[in-house]
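Just the one chain here, laid out as structure tokens, in the form predicted on its own.
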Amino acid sequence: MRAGMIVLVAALSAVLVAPAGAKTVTVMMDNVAYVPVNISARVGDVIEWKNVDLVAHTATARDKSFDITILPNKTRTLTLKKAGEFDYYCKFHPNMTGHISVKP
């Protein structure tokens, strides 16, 4: 009975984490650059930043809607909550820039 409850809770948690049909868009941080620079996604999708550099980076929105620090060899995610155009940059390396186009 207890094992069944754990499976049920795990299944419900998975449903609550990502909406049905949501996708994950991966952006690498490599050689002090976002790869790819421009991405498109939909509300509910997840952006996954993977830092493969030897230094920390951020993904900081110019409109201040998000500010995520990603340590070397780590991954961080952000679930997109609203549609729009979002320019972002690394606070530690201001020439490192990217853009997310989010559709409803």
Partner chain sequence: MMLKLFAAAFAAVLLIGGAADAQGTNSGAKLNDAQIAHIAYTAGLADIANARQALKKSKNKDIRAFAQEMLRDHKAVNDKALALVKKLKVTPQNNDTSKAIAKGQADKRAELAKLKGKAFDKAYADNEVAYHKTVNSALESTLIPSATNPELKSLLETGLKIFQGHEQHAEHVAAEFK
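Quick caveat, the model's predicted, so the values are computed rather than measured. Numbering follows the first chain given and starts at 1.
There is another form of the same protein, the form predicted in complex with the partner chain; it is not shown, and what comes next is about it.
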**Report entry** Candidate spot 40, 83 and 99, all three touching the partner chain in the predicted complex (heavy atom, 4.5 Å)
**Finding:** no
Query - 61, 46, 68, 56 - the one with a heavy atom within 4.5 Å of the partner chain in the predicted complex - result: 56
Query raised in the report: Is residue 73 close enough to touch the partner chain in the predicted complex, meaning at least one heavy atom pair within 4.5 Å?
Result: no
Query - the partner chain contact at residue 35 in the predicted complex, heavy atom, 4.5 Å - result: no
Query raised in the report: Could you tell me if residue 94 has a non-hydrogen atom within 4.5 Å of the partner chain in the predicted complex?
Result: yes
Query raised in the report: Though the partner is not shown here, which residues of 34-52 have a heavy atom within 4.5 Å of the partner chain in the predicted complex?
Result: none
